[in-house]
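Included below are structure tokens for two forms of one protein chain, each presented in isolation as structure 1 and structure 2.
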Structure 1
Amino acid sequence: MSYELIDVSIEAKVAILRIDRPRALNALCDQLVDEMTDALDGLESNPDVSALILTGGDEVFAAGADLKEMTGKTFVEVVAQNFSGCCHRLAKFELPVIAAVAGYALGGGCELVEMCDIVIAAESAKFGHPEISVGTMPGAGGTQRLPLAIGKHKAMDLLLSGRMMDAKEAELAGLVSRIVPREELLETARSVAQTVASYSRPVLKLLKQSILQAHAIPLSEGLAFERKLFQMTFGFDDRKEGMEAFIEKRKPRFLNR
């Protein structure tokens, strides 16, 4: 499979997957998610890869699910496709993943960050879950992994208001591992990834699996629960209105139905 919307490179046991769809602020359209899923399958089975860096552009990591593509989807379609608005394959990636985040990481973009293991953020990074403002809710872990990372009350504050938090707030809250100047972002991520990748590949897999196990059983149930509720929002007129209003650049008129 050749890739148009992502760029993948491998150097010294570290793979870098860069989301590269700048014209739509790296919104996660179906093609991009398919490309990421295919690349992750290949990287995971590549014995020359021991760690992965996931990054985006200078101004935006990823502005979430593609609202323009998503707006026409029906309840029946999203259930049939088990649609999540994100690349949920990343959550199952067996090797350590380091996120290198500059600019916006919103909605599905923030969920990608939440699926990563170490998060390096530039000072410009902004995290948030604006799904509520377009009449839906996270479908790929936002209501489950974010509270695990930053606690219930901080997560409620973000998810219910739709507001963004900057890198400093995200580091204090526990979503970000460390903040670096923009020009040092990739170098820092590379250095962290190289340290990780210098260790035993099978042991890294076990270590990651074991750390994730701390929350795995309730998380898997929570994720299935979340997916169903998220898909239910496609039965609401307000979900359609929210997404159409975004595309038409106007305030949504929610009718509570």
Structure 2
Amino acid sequence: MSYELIDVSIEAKVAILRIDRPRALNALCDQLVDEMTDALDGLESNPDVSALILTGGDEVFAAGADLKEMTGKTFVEVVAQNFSGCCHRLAKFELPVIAAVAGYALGGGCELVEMCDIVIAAESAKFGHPEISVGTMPGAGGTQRLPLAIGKHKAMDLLLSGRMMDAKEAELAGLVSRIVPREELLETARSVAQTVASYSRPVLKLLKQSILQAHAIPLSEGLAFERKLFQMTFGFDDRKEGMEAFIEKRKPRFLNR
């Protein structure tokens, strides 16, 4: 896959998608969002991919939507395009996504982080939603996923004031999984992704699907949904292999079926 504004690579069942528009602070223009969407479609259907790392630059993860491009859009245009200012395709990616964040993740960039499943942040990372300061608001989940991650009052503080929080505050709030030195960021994300990718691909999909239901449906329905998916794993060769390997004290050889 060859793109102008992103880089995509695959190694050992782990795909790395890097946002690469440094001259515009990795702003999410229409072309970049289209490229990300196309890449995600291809990676999700690729049987050699079991986990994805999403990352950006050393100084900026993604500075949000491209305001120069957005300024000329009209109400009719954004409705017709179902425009959100971000790549909402990421939220529907079926496999685990690990964000590796250094520098600024703002607006749509922060929404990308909120769509990810595990967030590894460098000590330099900063998160925020400054949309209010330019007369608009999040359009790709910032008012929905952020409160689920960090709670109503913390989210209100960030969204209504437009202020940023650093990596330490984000970890304490629940948006960040762990903080590492900048020089260890990608190595740590790759290690986490390789561990995840070593497991059964179909079970990873079911597990992610079940976890995402936790906030979407009542607990009683969630428990029934979880049990149904758990029972489905008993039809997988990988479930049998995993349990037999444990009993035989050897490493499982998952075949992703």
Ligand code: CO8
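For the two forms, the rigid core is made up of the largest set of C-alpha atoms that agree within 1.5 Å on superposition. Counting starts at 1 with the first residue of structure 1 and goes up one by one along its sequence. Being a predicted model, the structure only gives us computed values, none of them experimental.
Form assignment for the chain places structure 2 as the one matching the criterion, namely the form predicted on its own. Two rigid parts turn against each other between structure 1 and structure 2; the point where they join, the hinge, is Ile217 in the list Ile217, Gly162, Ala173, Ala24. Smaller rigid part rotated by 115 degrees relative to the larger one between structure 1 and structure 2 (C-alpha superpositions, whole degrees). The two forms, fitted on their core, place the C-alpha of Gln231 41.9 Å apart, compared between structure 1 and structure 2.
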